[in-house]
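Take a look at this single chain, the form predicted on its own, given in structure tokens.
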């Protein structure tokens, strides 16, 4: 390698949990994410030189991308340093994997400049270091889909076992991000530490049904299974108009509706783009009526995760 080695990487925003799959299910969105530029430098240090979009720490040890790069440099015994530029396309606190997008892009970029010594799935554990810094928990349901693409099931965390599931061809996601901030650490603190066996059985059935529905492209089964009886009842109180959005979306024909990650974003699945756009209009109207600023996205489940935008000078 030489001092002119440089790579620009895109990593997509993601929806974690997918209603009933807390910490074990996630998928990436199309056309929204973070861009990270990584440049090799002689000095063996990591310097974040530019952050666009949001006010985030420049100190590498306090930045999610920085800690991911540090860990990879250490484990791969890389003998040079990096300059880092981050373009934030995913708002922090949005519930669609802001920290995960930066962490995934960082892991992918380092691996690219190091000659790809690691497989993409092997990068997930490094990207999880960024999630640990951001939320205190090393969860993979955002970083794994942001790196690998498509639906991701984390079958196990110890050892880490990641399974990629192809999305049904006509499955669309409509997502609204109200401009309020829900901190992931705080939203985890309010969750119950224990649940009844009865609720656990219901949740297990829904998770199994959702995964089966995805595998069989059974849209009705996907819809019947999008029922979170453990996390949503607690977290939904943090999201303005959640119940109304969910009820109106399903009444209009959406397969199901739930919280994206820790919120405040809310997503719905639909069969076909026409229905997804109708749900988009419903979400827009609800938030317009209560005078909350918001962003709206209509997307298929992205079949790819992080990728190189530009290699070299």
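Positions refer to the first chain, counted from 1. Everything numeric here is computed off the predicted structure, so don't read it as measured data.
The form predicted in complex with adenosine-5'-diphosphate is left out here; the points below concern that form.
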Per-stretch contact check against adenosine-5'-diphosphate in the predicted bound form, the hit in 207 to 215, 225 to 233, 84 to 92, 145 to 153 (non-hydrogen atom, 4.5 angstroms):
84 to 92
Please run the contact check for residue 56 against adenosine-5'-diphosphate in the predicted bound form: heavy atoms, 4.5 angstroms, yes or no?
yes
Please check if residue 111 has a heavy atom lying within 4.5 Å of any heavy atom of adenosine-5'-diphosphate in the predicted bound form.
no
If we define contact as a non-hydrogen atom of the residue within 4.5 angstroms of the partner, is residue 280 a contact of adenosine-5'-diphosphate in the predicted bound form?
no
Tell me, yes or no, whether residue 134 is in contact with adenosine-5'-diphosphate in the predicted bound form, where a contact means a heavy atom of each within 4.5 Å.
yes
Selected contact from 62, 288, 50, 251, since only one has a non-hydrogen atom within 4.5 angstroms of adenosine-5'-diphosphate in the predicted bound form:
62
